[in-house]
Structures are given as structure tokens and as C-alpha cells.
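Here you get one chain, nothing else, as C-alpha cells; it is the form predicted alone.
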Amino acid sequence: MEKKIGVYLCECGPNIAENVDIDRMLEAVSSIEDVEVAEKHRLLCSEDGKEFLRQSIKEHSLTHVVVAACSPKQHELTFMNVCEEAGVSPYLFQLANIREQCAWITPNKEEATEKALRYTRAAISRVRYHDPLEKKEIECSPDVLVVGGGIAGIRAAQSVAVAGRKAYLVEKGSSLGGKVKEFEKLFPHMNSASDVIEQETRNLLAKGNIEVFTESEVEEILGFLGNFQVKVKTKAEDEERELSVGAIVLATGFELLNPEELLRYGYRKSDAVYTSLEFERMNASGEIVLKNGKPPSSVAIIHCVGRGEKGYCSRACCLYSLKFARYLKSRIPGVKVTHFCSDLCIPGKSSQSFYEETKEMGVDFVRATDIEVAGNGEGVTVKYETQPGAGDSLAVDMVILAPAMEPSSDAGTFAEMLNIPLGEGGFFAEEHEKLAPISTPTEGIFIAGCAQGPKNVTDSVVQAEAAAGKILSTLVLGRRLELEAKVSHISESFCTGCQTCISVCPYGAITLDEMRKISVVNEVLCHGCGNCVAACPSGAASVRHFTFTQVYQELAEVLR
């Protein structure tokens, strides 16, 4: 087929035009073999620029398109869509970055122009060898599995269960609500936790398209985005259900560090030392009393228990410790409350106000390190240092420990089952901390709430709704799922069956064909990252659209 390549240079306002000689580039590329037309435009990514490009492609009946402009990350998809609208395969297009890689970093205009010209020639040389890859689509299930019936799981299930879409909520406990159902109040507004959970549960059960499994566990998950097959075992009825879903939300919550592991805090050695959750339950029972049945006259609240050992801040502990001071002052007006902390984590305006108001109730704060708790007969003594070598102590009737938040005990099981990594502290690792905090490297698997890391109730709900929003925009009702075309391919004749590619694939997209003893790529799971290509010792692996010939032609022109 005769090749007719169109080359379009974007001035990007002054960003490129001020430091690159566009007219010189046009003159140089116009004479290159197969170049049918070479034109410039003030701003190709603008609506006017896209229409100009679209009409020019049609007018010259182009077969291939090269655009020299900005970063592919910013506008490659923009120009690919324009090519498709103009009747040219989006894979017969190549973008040369002459802004970030030339105009912005090379101060000498002549040198910047020469470099930009090399990059544009390289793009022309490469695009000749592009193939019009075929886009593939598959049918997908719009339904969603939510694992974990805490506040994040409840809200995620509610949010995804819109008309025409079903949500399955699986909770291993006997009831919904997670840790929140054990609280009396929620900071900073001190609203009733039980009222919140009851209302959220009512809203959940009122929806006819949500099926709830309590005392149940997920035994197996197979498949990929749009087509997961799930086995759920119900303990009470001892039966197994098979579900078909398109996406999964892991809202498996958290556990608290067992302070018994940290001997210096005296937990289990003294009846007067409680964990935060134990104190929550005591307060929710209606009274705060010691083992002797009397209310404490003095209480120490110790922050950051286990933070040094875990290596991270649990974020919510400082604020719920302030809530405990309010519990105490409300039920025992004359009680003396002392907080021991090395730092205070109170982000946001409402949290700061919550702290200031709590402090005005007569609550003391001691900045301390090297804290130890020891029994002293009737009560306990808190020993601490305010600065190196400056030790002090305080006798109190009760000590409340705020232990670090840990991942749920089944986090490792799900990580292995779904081929998703565990990050800091053993929590599920997000795909990107800023750009994709609720996604995982395995497409179709999302994380919400404390499954992703320590956080408060408000942040857990926000993250659950974000995960639901991502699912609703990805698995659109009535629309087939478009797969990535630039995927890996393994040559049967070159593959030796060494399985190196399987070990380096982060998406679990490659398996061994036991009969033929060769590796096979599941194109539905493959993201075209190229790990297998770099690792393959026999050269059997390649990535479509990044073949050896294509990359060689591009590099040869740059280095010529």
C-alpha cells in the first residue's frame, strides 16, 4: 500500500515557537520520502486545531500521521481520536515530543531546532512500520462484589447499586457495621455512631438490587475486569454460591495492634490498662468504671502505641483520643485527663476546632517519649521523658492505649488471590498514591477505607464513593468493554517455556500452556507494560506497536 504521511507541527502558542524554528522544520520534513503534506498550527490541541487536523487528513487522503507537539502523556490520545474520526487508524499515528524534550530544556534555538528535527524525522521513520492494530471488545458484567461490611463497604455497595446493576456485599461477621458499630460517637461532630450505622444499613437493605451475605467468606476469585467468577461460602447455611461480577471492591477494614507485644505499656499485666476499642465498648455500655466498680479519678491516654514499630502514623488515633477525653469529662465531671503524645495529628479546620474545644475542658497534654506503664498497687504509674534525660512520672487510676491500626488478617490472602501487591505496613497498595488511590495494579480490583491504609470514617466513605464512581464510569451499562490493543505477544517458535515472563508480569496475564510447554498471553489482562519483553532470554516476547523494527527505526534516525 502506498504510504501518504502527513506531518503537523504545533507551535503550542509561544511554548514551542519561541525556541524552535518551525518554518525551518517544515522545509526539512517536506522533502522526506512518503511525506504528502507538512503544515503548522498555532495550537493543535484546541478545538480549532483538531478540526484543522481532521480536515487536512481527509483532504490529502493520508494513510499515516505524525504530530510534533507536546508530551504523549498529555495529548497522544487526543490526536489518536482525531485520526480515527478522520478515517485513519489511531495506531498509524506517532507523536514527537518537541516541547518538554526540546523547546523547554534546550536554551539555544539552533540546537533546540536541530533536536526537534531529529525527533520528528524519527517519528516519520517509525510510523512507516506501524500496523493498524485491531480494537477488540468483550461483553462484561455490570455487577459488583464488595468484600467487607463496614462503613466503607456499605457505602460502596449503595453507590454502585444503581438501576440495572446488582451489588453483592460479603461480610465475614454476623452483622454489618464493622468497627464503627462498636463506637458510641463519631468525631468531630460527636454524632451517634449507632444511628449512622442503622441509617446506612436501612438505606442498603431498602435497595432491591443489593444482596448481603453475612457470616460468609470469599473462597475463590478468577477472571478479569468485566468478567470475574467468584465463589462465596456461607458458614451458617454451609452452602457455596457462584457469582459473576465485573468489578470488585475490597473494603476489608483494619485490626488494632495487640499491645501485649509491647511489654513497656503493661497491657494484660494491670487491670487498669485498656485498649482504645475496649474503652469504646466500656463507654458504650453506659458507664466508665474500674475493676473495683468505681469510676477513675485520673486517666492517662497514651497516643501512638506501636507507631515506631510499625513505621507509620494511623492518622485517626489522635482525634479519637480527644473524643475519649470528652467521654470522660461527660460521664465523670471531676476526672483529670492527661494525654501523652510525641506529636498530634489533627489535620483540617474542623479537627483543629475539635482539639481546641477539648483542651478548654481542662484536658492536659504532655509531649513525651520513652513512655512506660507500671503497676503501683491500686493504680498505675506512667513514666516518661519530656526531653532526653529529663524523666518524670504520673500516677493515675486508668490508662487508655491508642494502638496502631493494622491491615485486616485476610489482606494477605486476597493479595495472593487477586495478584495485587501489599504496600506500606501490609495494606493493599494503590496503583498510584495521587492519581489512582482507589485502583490497584490489577484492573477491576478497587480498594476503599482502611483496606488501603489507616483513615477515619469520613475519609473511608469518600474513598468508597470514589471507587464506586470509577466502576460506574468504567463498566457502563449496555456498553462492551474495549481492550488494550498494544499488548504482548509470544512467538511459539522461539519460546522455550522457561517461564521468566510469568514471574515478571505484574498483571498475571501470562500462563504456561502445559500441553505445548510455551507461555501464552491473556490479552484481556495484558497492559502492554513490556516487562516480559525485557526479561525474555530467547527473544520470544514482543509488544505490539513497540516491535524491534519500530523502535530500531526510531532510534536509528535520532542517532543518525
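Numbers for residues come from their place in the sequence shown, where the first is 1. Please read all numbers here as calculations on a predicted model, not as lab measurements.
The form predicted together with a small molecule is left out here; the points below concern that form.
Residue 83 within 4.5 Å of the small molecule in the predicted complex, heavy atoms: Heavy-atom contact with the small molecule at 4.5 Å: absent for residue 83.
Residue-level question: is residue 358 within 4.5 Å of the small molecule in the predicted complex, judged on heavy atoms? Outside the cut-off, so no.
Residue 173: touches the small molecule in the predicted complex, heavy atom cutoff 4.5 angstroms: Contact with the small molecule, yes.
Check residue 249 for me: does it contact the small molecule in the predicted complex (non-hydrogen atoms, 4.5 angstroms)? Contact with the small molecule, no.
Just one of 303, 126, 166, 455 has a heavy atom within 4.5 angstroms of the small molecule in the predicted complex, so which one? Residue within 4.5 Å of the partner: 455.
Find the only residue in 447, 145, 116, 151 having a heavy atom within 4.5 Å of the small molecule in the predicted complex. The residue from 447, 145, 116, 151 that makes the contact is 151.
364, 368 and 384: each with a heavy atom within 4.5 Å of the small molecule in the predicted complex? The answer is no; none of 364, 368 and 384 reaches the small molecule.
Counting any heavy atom within 4.5 Å as contact, can you tell me which stretch out of 275-283, 239-247, 137-145, 465-473 lines the small molecule in the predicted complex? Selected stretch: 275-283.
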